[in-house]
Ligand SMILES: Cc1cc2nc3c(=O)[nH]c(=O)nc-3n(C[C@H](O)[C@H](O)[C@H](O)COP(=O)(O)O)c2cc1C
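Take a look at this one chain, the form predicted on its own, written out in structure tokens.
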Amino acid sequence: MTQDSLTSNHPGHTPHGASAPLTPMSLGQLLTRIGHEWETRNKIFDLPTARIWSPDADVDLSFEFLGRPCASPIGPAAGPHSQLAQNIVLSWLGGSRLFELKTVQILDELEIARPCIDMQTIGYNIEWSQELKIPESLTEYVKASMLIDILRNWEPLREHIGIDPGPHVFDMSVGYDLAGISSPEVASFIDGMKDATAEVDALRAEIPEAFAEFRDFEFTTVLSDTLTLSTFHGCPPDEIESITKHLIDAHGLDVIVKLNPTLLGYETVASIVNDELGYSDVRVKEEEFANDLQFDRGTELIGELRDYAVERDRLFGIKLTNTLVVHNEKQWMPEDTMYLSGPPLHVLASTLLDKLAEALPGELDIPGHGGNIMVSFSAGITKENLADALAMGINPATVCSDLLKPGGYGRLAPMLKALTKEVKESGANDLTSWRAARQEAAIAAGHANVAAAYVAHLRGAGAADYHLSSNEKLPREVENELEMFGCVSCNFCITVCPNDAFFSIPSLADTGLDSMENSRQQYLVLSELCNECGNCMTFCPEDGDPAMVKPRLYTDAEVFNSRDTPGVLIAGDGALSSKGIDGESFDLIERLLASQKGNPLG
């Protein structure tokens, strides 16, 4: 794998520069999209019914997240899949029941350079918190909650989600220092999540006629009363302690502290990544380790914060782990540093759990310990390792990198089906009894617990799956330049986009355009939902950037007028106008949209 391989796949690519601001769709638009897609394609936000999870009545995959019931042990990690309302709905349809919402911080006008996601092989990114203003983030989460409430009770969906899709939990995430977290703006966000009554009532009027039965529905108003604190990189222990105590005392929250892989120490991390796993091109930033929480102080802090929470009748947990800071050797994303995720991080986070379990005997809430410190996990979770990770006792396993690969949110339901199969074949009918059996097997094999057994496997016989040699294959390519109309119709741009910014329409006949008539589908971009992260370009087999090449549609006139890229504006009455697009192309876009039953964008 060469360092510039991704750039060479797209020789015409230049960095986009600063991020394109996201403009979320209204609740009314989202509901209109749901109704239209269901009527015309039997999908919701482009997710087919085959990828909607329905629980198996014979196997209970539920667990308790800080004492709150949760019907499945997976969900999106704080990141690109938990920022917009439709992202969260797509995760819920796929089977997620724990949602770690994207991290909110006081700096809410960030200029994030683009592209910001590189999933060519393992996983890197340069984004780190919400791209919306703080009040917008609150509105998105309220919209998401209302949409889930509606879909849970929407008759057309009943046969696909089951009679009872089970409870879910929204878990807030904030960062990164006490000054910002204790600010009135962030405090208002937390209070709004704890009581969203005013926001819910303000949004009721947006519910369209097709869903009028829900205008007076008793929506959830307590969206969240748990919080995962992102310490990110370089947050000193005294600051972590002060923030956690503030969240407990000022807001009455149960708190999880997300830890960094740097707790393992530079020598261990570099040895695992570079030597054991063979990622010689990855250069770990040694200077970051001195600035981060050290292991001995970390174990002390975990115990101290647990005791502080218990004394105030609150619950406490830890999360493993944040991403790993590395040097940007590839120089595809325009920053000096980038954050590693995926397979190598899975080995690091699992190793850290094993080390913490040894250092904190009887303290963690994992098999063989029986403690009261909950452990959640986010590091390279896939369909193949989900069961082994959950067997360690983590609650839950949150996912990011795997959802950025082809299939996207559609990869969640197969994860849960594979887990269900494993639990059922073991003779168990719930996660608790299944984990107990796995713990007995680990002890019988000479290990202290399941975590120790799993890490021994990851760094022994199972290391091959996480080694460079198993993770260096590049996305497939075809020798063809991407055009506005016509392509290989692989659907990748739709599934790898976390924001559901792409959608497809069947091609038209009798256009006189070969590229149109030789393709099954035509792909269009919802510009307000595209933040130009670069992920569609990574996986597009053709040479070009789908986010820039495919027709870009707008529904917001102000946003349309403020952008200098070519596009088409869809007015409220369905009338179209364009800029920077030739007459023939505009005519084809108009005909494509007219081929649908009504306006697909509301």
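We number the residues from 1 along the sequence you see. Everything numeric here is computed off the predicted structure, so don't read it as measured data.
Not on display, but discussed next: the form predicted in complex with the named molecule.
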In contact with the named molecule in the predicted complex (heavy atoms, 4.5 Å), from 365 to 373, 102 to 110, 214 to 222, 499 to 507, is stretch 102 to 110
Site check G486, C493 and F539: each within 4.5 Å of the named molecule in the predicted complex by heavy atom
no
Can you work out whether K258 and the named molecule are in contact in the predicted complex, taking contact to mean some heavy atom pair no more than 4.5 Å apart?
yes
Does any heavy atom of T262 come within 4.5 Å of a heavy atom of the named molecule in the predicted complex?
no
Please run the contact check for G95 against the named molecule in the predicted complex: heavy atoms, 4.5 angstroms, yes or no?
no
Quick one: is M119 in contact with the named molecule in the predicted complex, heavy atoms, 4.5 Å cut-off?
yes
Considering the named molecule in the predicted complex, which of P80, G408, P165, G298 comes within 4.5 Å of it through any heavy atom?
P80
Could you work out which of G342, P396, P115, G317 is the residue within 4.5 angstroms of the named molecule in the predicted complex, going by heavy atoms?
G342
Near the named molecule in the predicted complex, with a heavy atom at 4.5 Å or closer, the residues from 175 to 192 are Y176
